[in-house]
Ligand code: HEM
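Encoded as structure tokens, the following chain is the form predicted on its own, with no partner shown.
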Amino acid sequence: MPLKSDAHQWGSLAKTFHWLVVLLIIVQGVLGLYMVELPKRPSSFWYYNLHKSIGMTVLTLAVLRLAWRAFDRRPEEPASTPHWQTLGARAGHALLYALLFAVPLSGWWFDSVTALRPLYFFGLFEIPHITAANPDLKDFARETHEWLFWLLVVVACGHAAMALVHQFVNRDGTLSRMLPGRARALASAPAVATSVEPAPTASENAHVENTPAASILAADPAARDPGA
């Protein structure tokens, strides 16, 4: 599968970024809802550190994905897509990109203003805080992070719903262009050359029978067999 996208389908790198981010966001949502119900004790810190590390991974992937878009073309919209739907899809994608940055950045900000403990990326190295500690902003930072996350969930669900509508209602193959390992059937199918000639028509048969060669064969049967 080509690395870069073409006029009809997303490339393998764009697909990798897309589905990896989708998977990590789902993991983040489940992990975040689970860890807030845990008692605040040292044994629970592991979940928080994992949540923060995955959030920084999503932010890194968002940066790489946006950078790749500068070099990678966007597939053309299906010809049957109305102009207003194209504009809506572009606006939805822009909002998704903005939230992919805003949600992890707000979590990083929340961790910074609380400054409870250092932020280690999967235990490998420490990530510095982006602002000074400020307990007065703790509640506001937490609520901002939570509301941005739920907004991301709503926008992502709307994006997925529209992709399913295009795929199964409009049947224009929009979702198929982003599925892993999916190739365009029409573009990838090899052309089959055929050498079947059409059967001669009645007028063509009459023409052949009236040629001099046909007249000789009819008058001299021996001419049909060179060995006779």
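The numbering used is simple: start at 1 and walk along the sequence shown. Remember, predicted model here, so these are calculated numbers, not experimental data.
What follows is about the form predicted in complex with protoporphyrin IX containing FE (HEM), which we do not show.
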Q.
Is residue 83 near protoporphyrin IX containing FE (HEM)? Define near as a heavy atom within 4.5 Å, in the predicted complex.
A. no
Q. Does the 4.5 Å heavy atom contact test between residue 178 and protoporphyrin IX containing FE (HEM) in the predicted complex come out positive?
A. yes
(Q) Is residue 163 near protoporphyrin IX containing FE (HEM)? Define near as a heavy atom within 4.5 Å, in the predicted complex. (A) yes
**Q.** Contact of residue 100 with protoporphyrin IX containing FE (HEM) in the predicted complex (heavy atom, 4.5 Å)
**A.** yes
Q. Do all of 61, 91 and 151 end up near protoporphyrin IX containing FE (HEM) in the predicted complex, with near meaning a heavy atom within 4.5 Å?
A. no
Q.
Need the contact residues for 56 to 81: heavy atom within 4.5 Å of protoporphyrin IX containing FE (HEM) in the predicted complex, sequence order, or none if there are none.
A. 56, 58, 65, 69, 74, 77
